[in-house]
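Only one chain is given next, in structure tokens, and it is the form predicted on its own.
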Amino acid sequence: MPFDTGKPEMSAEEFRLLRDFVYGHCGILVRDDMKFVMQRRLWPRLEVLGLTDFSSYYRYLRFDAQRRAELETAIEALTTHETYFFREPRQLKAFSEEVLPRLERRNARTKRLRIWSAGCSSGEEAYTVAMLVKDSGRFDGWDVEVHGTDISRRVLAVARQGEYGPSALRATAPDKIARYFDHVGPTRVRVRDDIRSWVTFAHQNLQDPETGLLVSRMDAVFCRNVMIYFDTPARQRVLRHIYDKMVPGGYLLLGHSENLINLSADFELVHLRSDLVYRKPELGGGLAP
């Protein structure tokens, strides 16, 4: 039955079908109390496609020739991509002052460093990591790669462009803006090329290991504020995928509100001076230095 707005209301059955379809594709869980949110965020898609109800939209996602592209659009509508440079500074301090020196010692022979920003959104985290590596002064002349992946092609396009406004820079110190950005407009900046040369971006569904394949094993993985979208089984699949992509002794950094309790026993908890992080055990179960 339509609202007085003239827009169709999502029935409980339509909500269940759409929720389960999205979950089956990418593991994102839309809670039962978010029916109205889903309805509101998908209304514009019905208008664009000329559909009159959510049952028609569900059939479009299942059977239309353009279903894959529309499913990506729907997922983008249902998720948020709020982020900014130098987010969660305490953890970044631990990464800079304690994790990076350890990685420098571990990889001194190969002089290679591989870091993955999983669920990188519009790129701020991946570029922040590259800036911290550069700031450390420990990896000059090394082969450094920072890989950013996300399920949204729209935000990846923003990431590749590398241009940002004031909101993205709200936690960035002026000296870092001067060092790592070029001004391209009155309020917009662009990440400088020496940082961009270390960073690549790729599309990836974290629930599907076949997408966004990472060739190298990662020395460190940032997966912050990503698993909040998943239920327990989906989180466990993501963690297994991350585990498989890490070198023994590699570090996993989650968001401050996230932990691995009841999710995975594969990682060991590491108490650093500034923060807690996780680590993939060394082969044989020994603890890394």
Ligand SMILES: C[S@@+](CC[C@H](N)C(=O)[O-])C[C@H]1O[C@@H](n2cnc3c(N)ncnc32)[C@H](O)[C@@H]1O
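Just so it is clear, the structure is predicted and the values come from calculations on it, not from any experiment. Position 1 is the first residue in the sequence shown; the rest follow in order.
Below, we turn to the form predicted in complex with this ligand, even though it does not appear here.
- Steric access to the site is open in the shown form: after superposition of the site C-alphas, this ligand as positioned in the predicted complex comes no closer than 2.4 Å to any backbone or C-beta atom.
- Contact check for residue 151: a heavy atom falls within 4.5 Å of this ligand in the predicted complex.
- Contact check for residue 204: a non-hydrogen atom falls within 4.5 Å of this ligand in the predicted complex.
- Heavy atoms of residue 39 never reach within 4.5 Å of this ligand in the predicted complex, leaving it off the interface.
- In the predicted complex, this ligand lies within 4.5 Å of some heavy atom of residue 121.
- Partner proximity in the predicted complex, defined as non-hydrogen atoms within 4.5 angstroms of this ligand, places exactly one of 222 to 230, 259 to 267, 62 to 70, 45 to 53 at the interface: 222 to 230.
- 87 is the sole member of 134, 176, 102, 87 with a non-hydrogen atom lying within 4.5 angstroms of this ligand in the predicted complex.
- Between the options 194, 82, 210, 140, the residue in contact with this ligand in the predicted complex by a heavy atom within 4.5 angstroms is 82.
- Interface residues of 125 to 139, taken as those with a heavy atom within 4.5 Å of this ligand in the predicted complex (partner not displayed), are limited to 125.
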